[in-house]
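Just the one chain here, laid out as structure tokens, in the form predicted alone.
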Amino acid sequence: MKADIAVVGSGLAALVATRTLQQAGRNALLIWPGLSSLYFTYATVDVLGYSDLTTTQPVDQPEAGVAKLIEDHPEHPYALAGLDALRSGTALLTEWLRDAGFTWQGSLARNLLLPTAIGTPKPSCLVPASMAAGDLRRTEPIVFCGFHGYEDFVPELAAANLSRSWGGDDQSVRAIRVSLPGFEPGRLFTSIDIARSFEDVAFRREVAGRIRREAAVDGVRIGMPAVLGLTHDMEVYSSFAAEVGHPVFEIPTLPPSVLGLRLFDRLRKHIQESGVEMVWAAPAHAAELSDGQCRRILLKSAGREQPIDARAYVLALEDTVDGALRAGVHEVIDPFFHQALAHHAVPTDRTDESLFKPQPFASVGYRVSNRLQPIGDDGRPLAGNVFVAGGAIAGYDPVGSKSRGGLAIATGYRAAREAMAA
């Protein structure tokens, strides 16, 4: 198979890179290796939540925070991608979300502070409109609503934790539970099961009435698990909030994330409908090089090897989720150039005993040039027409700094522009 530029990846970086190429009129091929990281994400775009891994003070202005980060750490992936790439990539994504039928809120000027499913504040830059009413800079009291028999969201835990960090009195945050029509407590059901049911008008109306009766006071907002429709963005949410009679906000819960599924499903379909060709479930396992260029990559596809010939390649990978990195006992190897990206005497050296400290494995990845080309031990590019984007870039922890979305956008956009120039 031949293409102008091939993008390999299954997350936001791959989608942004592909959209950038498409908008520039280039013939892009999107190679989707397998499981998408979007299934597991919080489904917000976090540009910069914390300035470093030790502070507990969230960043209020993400663009200004990234500018300061670039100034202080010129080797950081944000510095390599550039602030202009973040701005242009964010504008491209915002326009794309609107074209695909999404309603999102936010900008690079200011973070929202949203409660998580366990009641901890989380800074986010761009969010679905169905989450925006949860911003903790608003003053209305919060009522967390859970469902009997559904244990992926425990409203009592969320209320107890949030009241310690945000609530001013016992009435600022509280918890309620309601039963769901047709869902018996002894039955095993998931977020996806409930989300499908919420697409039924009669079901929504009945649940809204039960929540309204349990909330029992005016002037509150209702926080509930993100189950307001599996395939729709605002239609189910808007009608349900109107029935409840209070501002409502969704909270992502355990994977698979319903909000992530909505985002993945819509953007995937939209990019295919726009004419981009995709190769499914075909992880790449080797690159063929000559004269300092990558001539082709080889995919594992349906029991056979499939070669992809392109003029340039964007490896828009997301850590280990889509097969970007392969960990052995002592080394972590990349699947394209078969380079050792990290060496550990024992596998436990990749982790810290505390779940609340930075994890060494999070910063393992490709070392890249100032053009986002993967480089070897000698500092020279492994291939002049290959560019890296996303979580497989070495040297930073996107989870701890709450910057995965912004870095995916900035590096995806910049890598695509470099691929076109190559």
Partner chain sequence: MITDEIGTLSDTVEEAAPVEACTKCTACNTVCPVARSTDIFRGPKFLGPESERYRSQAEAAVTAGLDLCSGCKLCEVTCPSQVTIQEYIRRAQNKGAEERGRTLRDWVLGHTRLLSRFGSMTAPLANFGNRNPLVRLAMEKVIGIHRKRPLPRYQWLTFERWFKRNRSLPLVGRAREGVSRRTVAYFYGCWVNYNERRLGEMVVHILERNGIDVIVPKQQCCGIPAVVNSNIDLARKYGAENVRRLSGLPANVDIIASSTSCGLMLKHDYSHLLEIPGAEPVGARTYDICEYLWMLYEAGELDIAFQPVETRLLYHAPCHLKSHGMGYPATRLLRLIPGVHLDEVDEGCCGISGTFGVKVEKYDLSMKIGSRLFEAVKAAGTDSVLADCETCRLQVEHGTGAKSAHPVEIVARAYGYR
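As the structure is a prediction and not an experimental result, all values here were calculated from the model. Positions refer to the first chain, counted from 1.
Separately, the form predicted together with its partner chain exists; it is not shown, and the next lines address it.
G379 near its partner chain in the model of the complex, any heavy atom under 4.5 Å?
-> Heavy-atom contact with its partner chain at 4.5 Å: absent for G379.
Quick one: is L35 in contact with its partner chain in the model of the complex, heavy atoms, 4.5 Å cut-off?
-> Although its partner chain is absent here, L35 would touch it in the model of the complex, with heavy atoms inside 4.5 Å.
Exercise: L298 in contact with its partner chain in the model of the complex, heavy atom 4.5 Å = Because no heavy atom of L298 falls inside 4.5 Å of its partner chain in the model of the complex, the answer is no.
Does its partner chain get within 4.5 angstroms of any non-hydrogen atom of Q306 in the model of the complex?
-> Heavy-atom contact with its partner chain at 4.5 Å: present for Q306.
State the residue from A85, A282, A208, V127 whose non-hydrogen atoms include one within 4.5 Å of its partner chain in the model of the complex.
-> Spelling it out, the residue with a heavy atom inside the cut-off is A282.
Residue among D99, E71, E140, E277 with a heavy atom within 4.5 Å of its partner chain in the model of the complex | In short, E277.
Using a 4.5 Å heavy atom cut-off, are R110, I176 and V220 all in contact with its partner chain in the model of the complex?
-> Spot residues vs its partner chain: no contact at all.
Answer range among 240-248, 261-269, 91-99, 130-138 for contact with its partner chain, defined in the model of the complex as heavy atoms within 4.5 Å | Careful reading of the contacts points to 261-269.
Residues from 213-245 in contact with its partner chain (non-hydrogen atom within 4.5 Å) in the model of the complex = Sequence-ordered list has one entry, T231.
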